[in-house]
Ligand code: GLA
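This document starts with one chain, in the form predicted alone, laid out as structure tokens.
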Amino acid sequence: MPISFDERVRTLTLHTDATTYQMQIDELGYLLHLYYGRRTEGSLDYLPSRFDRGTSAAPHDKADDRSYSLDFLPQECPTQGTGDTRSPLLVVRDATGAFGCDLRYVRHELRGGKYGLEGLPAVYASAGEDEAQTLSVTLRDERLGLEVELLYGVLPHIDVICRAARITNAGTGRIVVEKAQTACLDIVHGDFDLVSLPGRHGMERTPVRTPVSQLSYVVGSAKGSSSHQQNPFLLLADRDATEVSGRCWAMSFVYSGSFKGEAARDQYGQTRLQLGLSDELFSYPLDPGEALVAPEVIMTYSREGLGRLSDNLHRCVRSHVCRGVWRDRLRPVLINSWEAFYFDFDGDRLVEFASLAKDMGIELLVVDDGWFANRHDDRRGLGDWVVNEAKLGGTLTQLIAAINDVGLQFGIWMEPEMISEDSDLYRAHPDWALAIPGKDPVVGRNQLVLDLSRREVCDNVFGQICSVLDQGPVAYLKWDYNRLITDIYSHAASDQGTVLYDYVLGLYSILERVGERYPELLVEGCAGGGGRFDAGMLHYTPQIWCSDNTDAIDRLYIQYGTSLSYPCSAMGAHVSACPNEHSGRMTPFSTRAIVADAGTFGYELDLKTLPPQAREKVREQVAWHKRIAPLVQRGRYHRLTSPLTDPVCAWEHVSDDRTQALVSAVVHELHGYGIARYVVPRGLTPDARYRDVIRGDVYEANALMEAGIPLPLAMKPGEYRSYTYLLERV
């Protein structure tokens, strides 16, 4: 069984196929963390030796035992006020204003299946996965009447353990939760690096690897979204860990709002890794009987390097976070109208555009910003999701029918969470915007954020979305979100410290209702590109626009970093025009396509301006992607080289049965009289032979996985050359 309890030594053990996670209820009732690593059996005593630690404080019931202190014991749910001077998971304040919380074990329960979280996304076990189990452990502070239910969900076959927590005021007075993180790993010895995914708008999720020391390393967002600048993912690795070797632990937050991740080595050489809600701009009061849920964190461990760790996360997100009919379907090849027309289009131009796209094999046209209200620029109209029939030359129903008659599916862009001051909705309900009374609001892209912490606002947004989607067979919705939250004030909130959390619950409630009403609709998440790329959004939108930056070379870095935690099937990636509008860089058309092939694939350019030769290239690229799409979206992904350290960025997709492998490489750094470059595939069948169906060459798998494929060194004009090899087992 995945979960067991040894009553003799009071240990709770969670097993996956390759890992073991163990905790212990100690003599005072504290829940201590014993082990998370390679699968092993029995009870594991890896607690640090107890001896006098000098100034380390002890609980009152151990006042005479100077060898006992929570300041050095590894814990499952460390709290402020117990003598542990490291960063806590939970901080609460009671009705008198005093801080302090002392949680002791009360009970535990084993349940079949994987737990769910009301109103929040969570990993789920698919039908037939009877081995998934849940462990519930209840801790209680008797003084406060506070109960914390720690939830552990085990999916054994993908080596994933999930954590969440339900914090309940079971007492008689009000308490205020000031910090509520979800997951904590205390590792008692070792030298580690922390890998995080910082970035900026247009250059998201570029990995940074930093040695863990006694300097606290904190990543996070207090912007109301997971953000362009940070990502709710942390990876702890042995200093010498590589893609294929070394111990690694990962945490991925299933949440789309403000978050905080921390890592530090303490005074005794132990490392604490933790992740959860941000405590900045957060203060959540709970009256008797009320509860707060700390959102889920996905945890996984690998002793085979970063590659195996990513594979665990990819399989979890692809098959146990993403839901609905589009979870496993191949995604349509689309073209978006934005970079072709911006705001300057009408119905006839869109139909003509669709005809060109159909001729090149494209399957879906997405009408981007500018189709509604008086939206002729980005200064007005958000919140008024009424079709501008004068601009389109007819109704939306007629436009959808015309696009469908051409042979393309129809998609549309919306930004439902936003409102313009120049809009009918704002004039009718100015209090529906998040804005501080008496203060001029901070604007981003000339827009404000709707207060989704209010049910009536969520109902209005949902109703307007339905009024659009009900006008015809809309196959795809691009859900955008183009600014962060700065003015945190809701006219309906009694405590403004609740607003950012309740906003995300409101967002999820709308997305859940949209999914239930339109089960065939493909929703792509977007937040100025990759500003809300997280497992929480992927529960509702099975793909996310990876970045507004479509420059192929920049995308090597963005997609490389994203792949540490998220599968290729989730990455919106398109071919755009050159010179690229974000970088000004010129890259070959073929290279742009090879980079976009590693995601959901589509186009962001004006087909009408393409010369005949380029149009034929589009036809070839679309046909090629349709051929390899099953391998890209369902296969296992390997990072073969890093664009951060190697002049060649190479990656690979391998089918589960190892009969096919797609190897891709881009030379992004070039020097005169260059040296030979080799790309070394992984994951092939040992002792087998593979044929490159593009060139006809036959290779020995063992030699490929040892020596690699030599890239051509021909002196051809131009930069950023790229290469693809489709290997099939013979």
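Numbering starts at 1 and follows the sequence shown. Being a predicted model, the structure only gives us computed values, none of them experimental.
Absent from the display: the form predicted in complex with ligand GLA. The rest refers to it.
Interface membership of Lys478, defined by any non-hydrogen atom within 4.5 Å of ligand GLA in the model of the complex, is confirmed. Using a 4.5 angstroms threshold between heavy atoms, Trp545 counts as touching ligand GLA in the model of the complex.
Residue contact with ligand GLA in the model of the complex: Gly635 places no heavy atom within 4.5 Å of it. Though the partner is left out of this view, Phe192 does not reach within 4.5 Å of ligand GLA in the model of the complex, counting heavy atoms only. Out of the listed residues Glu262, Glu524, Asp368, Asp597, Asp368 is the one that sits within 4.5 Å of ligand GLA in the model of the complex by at least one heavy atom. Residue Trp338 is the only one of Trp338, Phe462, Tyr217, Trp624 with a heavy atom lying within 4.5 Å of ligand GLA in the model of the complex. Segments offered: 250-258, 324-332, 463-471, 526-534. Contacting ligand GLA in the model of the complex at heavy atom distances within 4.5 Å is 526-534. Against ligand GLA in the model of the complex, the set Trp432, His491 and Thr498 makes no contact: no member has a heavy atom within 4.5 Å. Contacts with ligand GLA in the model of the complex, taken as any heavy atom within 4.5 Å, map to no residue of 24-62.
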